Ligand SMILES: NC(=O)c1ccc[n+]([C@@H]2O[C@H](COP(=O)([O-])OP(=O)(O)OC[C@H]3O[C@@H](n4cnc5c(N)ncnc54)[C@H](O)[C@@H]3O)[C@@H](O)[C@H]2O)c1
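This document opens with one chain alone, in C-alpha cells, the form predicted alone.
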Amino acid sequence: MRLAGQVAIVTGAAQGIGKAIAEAYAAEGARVAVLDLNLEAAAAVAESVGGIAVRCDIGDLEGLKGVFDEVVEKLGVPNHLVNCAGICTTVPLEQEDFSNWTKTFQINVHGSFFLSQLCAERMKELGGGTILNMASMSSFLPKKEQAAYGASKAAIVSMTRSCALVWAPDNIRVNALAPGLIRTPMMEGNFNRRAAMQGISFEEALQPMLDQIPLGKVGTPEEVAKTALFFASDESSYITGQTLEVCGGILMR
C-alpha cells in the first residue's frame, strides 16, 4: 500500500471530491482525519475509512490551530494535506457584493493557506510531505455568474506555486488539481441555481458545458481522487508547483 502508516488531513471530506479522496487515501493505508463543517456527515465518512472526524470551519482562521492540534494529538503529524473545502456561489457579476466576495476568499483561499502553513511547519520534522490544493478549471476561465469562485481558484494556482518554491528545500511538495465538471452536490446545486435564474431545466443548463467536453461526460469524484493519490505517492516524487487539470479535455493548453 502506497500510504501505509502515514497520516493525511482532508478538508471538506464529508461529501463529493473530499470524501472520495479520503476513501482513496485510506484504501492505500493512510490514517485519515476527515475535516468538515458538517461533523455528523464527517463522522460517517471517518467510520467508513477507519479515521477520525473533526469539525472544521475552514474560514475560521483563529480556530484552525486548535483543529490541527487535535489531529496531531489523535493521529500524529500529517504526512499529507488535501485542501478540498470550498464554496461556490452563483450570482450575476453585476450583483456580486463585498460580503460574498470576501467570504469566498476566506474559505477557498485564506483557510487553505493558513492550514498549509501549520502543516508544513510540522512536516519538516518528518523530512517532507505533500500538500494538495483544490483549484478548478474556473481558475483559467472567465465567469459570468461565479466571478468570486473563479478568482479564488485562480489565487489557489498562484498560492500553490509560491508554497512549492518556499518549501521545496524541506521536501514538501505542493501541487494542485483543477477539476472540471464533476458530479458532486456542489456542482448539482450550482447548475440548479443557474437553471432557476435562466428559467430552464437542470439538463438544459448543463448541456452547453457538456458539449464542450471532448470526453463527452461528467467526471466522478473517484476519478479526481485517483489523481490526488498520485500526488500523495512516491510516483510523483519529482513534481511540485504544478496544477493538473482533471477536466475531460475541456482545457487543452
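Note that the coordinates shown come from a computational prediction; the quantities given were computed from them, not determined experimentally. One-based numbering along the sequence shown.
Not on display, but discussed next: the form predicted together with this ligand.
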>> Taking a heavy atom within 4.5 Å as contact, would all three of C56, A85 and L181 count as contacting this ligand in the predicted complex?
In response: yes
>> Taking any heavy atom pair closer than or equal to 4.5 Å as contact, tell me whether S236 reaches this ligand in the predicted complex.
In response: no
>> Does any part of V67 reach within 4.5 Å of this ligand in the predicted complex? Heavy atoms only, please.
In response: no
>> Taking any heavy atom pair closer than or equal to 4.5 Å as contact, tell me whether V109 reaches this ligand in the predicted complex.
In response: no
> Using 4.5 Å between non-hydrogen atoms, is V71 touching this ligand in the predicted complex?
Replying inline: no
>> So this ligand isn't shown here. In the predicted complex, which residue out of A135, L115, I131, C163 has a non-hydrogen atom within 4.5 Å of it?
In response: A135
> Can you pick the one in A27, A195, M186, I213 that has a heavy atom within 4.5 Å of this ligand in the predicted complex?
Replying inline: M186
> For the stretch 218-244, which residues lie within 4.5 Å of this ligand in the predicted complex by non-hydrogen atom distance?
Replying inline: none
